[in-house]
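In the block that follows, a single chain appears as structure tokens, in the form predicted on its own.
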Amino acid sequence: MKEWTLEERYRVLQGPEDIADLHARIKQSEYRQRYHIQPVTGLSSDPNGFSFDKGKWQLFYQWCPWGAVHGLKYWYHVVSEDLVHWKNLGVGLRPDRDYDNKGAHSGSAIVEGDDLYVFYTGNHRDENWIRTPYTCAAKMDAAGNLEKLPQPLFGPREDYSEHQRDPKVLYHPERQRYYIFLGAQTMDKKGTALIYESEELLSGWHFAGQLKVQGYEDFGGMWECPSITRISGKDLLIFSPQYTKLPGRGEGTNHNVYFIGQMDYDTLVFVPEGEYHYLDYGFDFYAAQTAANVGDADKAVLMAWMGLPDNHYPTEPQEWEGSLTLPRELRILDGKLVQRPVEGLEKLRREERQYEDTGTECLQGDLPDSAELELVFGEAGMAGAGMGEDGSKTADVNLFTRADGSGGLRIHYDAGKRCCVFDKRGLELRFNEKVGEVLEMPLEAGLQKMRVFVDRSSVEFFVNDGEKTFSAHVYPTAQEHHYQIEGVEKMRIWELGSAVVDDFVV
């Protein structure tokens, strides 16, 4: 693995010629995705500035152009008309001011009339490498370029640690005020969010206070990427707690959680309706962000980074790493969050294979490197798959196996425990073993359906019409393009076409 110097990681991108050869090399990678957003070169991480404006979905991602390393961060700009097909537009934000001299870090967007504004963290470091985070803003012009304000909106508070970042901006119509939720850490290293308010979008910001989540005053060591969205009369609070281990998440210390409840803007207290939930149960999911200006009070649209801070992936030697998840439509139904793939992904379907009334049959076959699977489970199919130690019915979905059905990503469902166990230890390219290779996903109503999206280096599961989700990177070798499935009543597989254009645009 390459050892990066500080100078290499924080080198300033002068122009396309600096990375043209790098793009030409990584474009040959067998793991380049076909319908997921991925870095044009180097490393991608958090989704930023996600919004719907003038008939187009605007999206940026954190980008370090030099390789699979966290260093000088830019915002890279992509656009879509349908949330399915994405086009590269080039650099959206550059770290070219003193207040962001060491990175344009994560943030969000807001649409005001005909104008789109983004809010981000300017990462400044002095000659002694001491960090000062600033909350900054920029406005998109008619040509789609972001024009920064001359100065930051505000700087950090000295009564909190240096970890103050990732502004989520929103407007509260009843209060006629703008709010910014800022991920932060207290001086005694507890995670929280700071709240700022203003009557004007680009001026007058002042500190309103610290967010309190009732019952969770000591939860994690830093809250990254806070996001709050109103859906069907309830508030959905999402954030990524760091530096803490949570139940059922192995040795990982970076997570993405959510609460459903009510936000009181008078007291700055969020009152949850219940305990926190994991936004996704997979190995690789973080920094989720909801889009601004969706235009429907009963839903939100969300994207996340398919990856985790401090993790490493097999494409590092190929000088690139990362992708974003598929966009998800969020709804709150019967008090529960439901996450489903956005409509339109069906347009990518090509050749179909269909199996019905499988009974006791064990299904085996070739798995396309870009595919969608639709699995329906039932009493007959699950009974055919076998019985657990306690006599309960089981099912097994094994993907990326060898031709004989061995190895791969193995998903075992035990109806007695109502739990799916995801085990990636059978993959030939193993990675992040110390973080954990086995995770569980409990299901309230048992396993009924799975909708699975396979791409060249990722897989995403949407279970029971969005009750739970599981996202992971996988890097199958040439021998690992098969499946073995037991316990299904019906299975459909489609090969999927391409939806991202891997153009070199800087």
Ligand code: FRU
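The structure displayed is predicted, hence computed values, not measured ones. Note that residue numbering follows the sequence shown and begins at 1.
There is another form of this protein, the form predicted in complex with the named molecule, and it is not shown here; the text below is about that form.
Candidate site formed by 256, 306 and 473: none of these residues places a non-hydrogen atom within 4.5 angstroms of the named molecule in the predicted bound form. Of the heavy atoms in residue 45, some are within 4.5 Å of the named molecule in the predicted bound form. Heavy atoms of residue 106 reach within 4.5 Å of the named molecule in the predicted bound form, making it an interface residue. At least one heavy atom of residue 165 is located within 4.5 Å of the named molecule in the predicted bound form. In the predicted bound form, residue 457 stays away from the named molecule, with no heavy atom inside 4.5 Å. Looking at 79 to 87, 400 to 408, 222 to 230, 429 to 437, the stretch with residues near the named molecule in the predicted bound form, meaning non-hydrogen atoms within 4.5 angstroms, turns out to be 222 to 230.
With the partner omitted here, the residue from 469, 62, 41, 58 that has a non-hydrogen atom within 4.5 angstroms of the named molecule in the predicted bound form is 62.
The listed set 119, 283, 286, 413 contains one residue whose heavy atoms approach the named molecule in the predicted bound form to within 4.5 Å, identified as 286.
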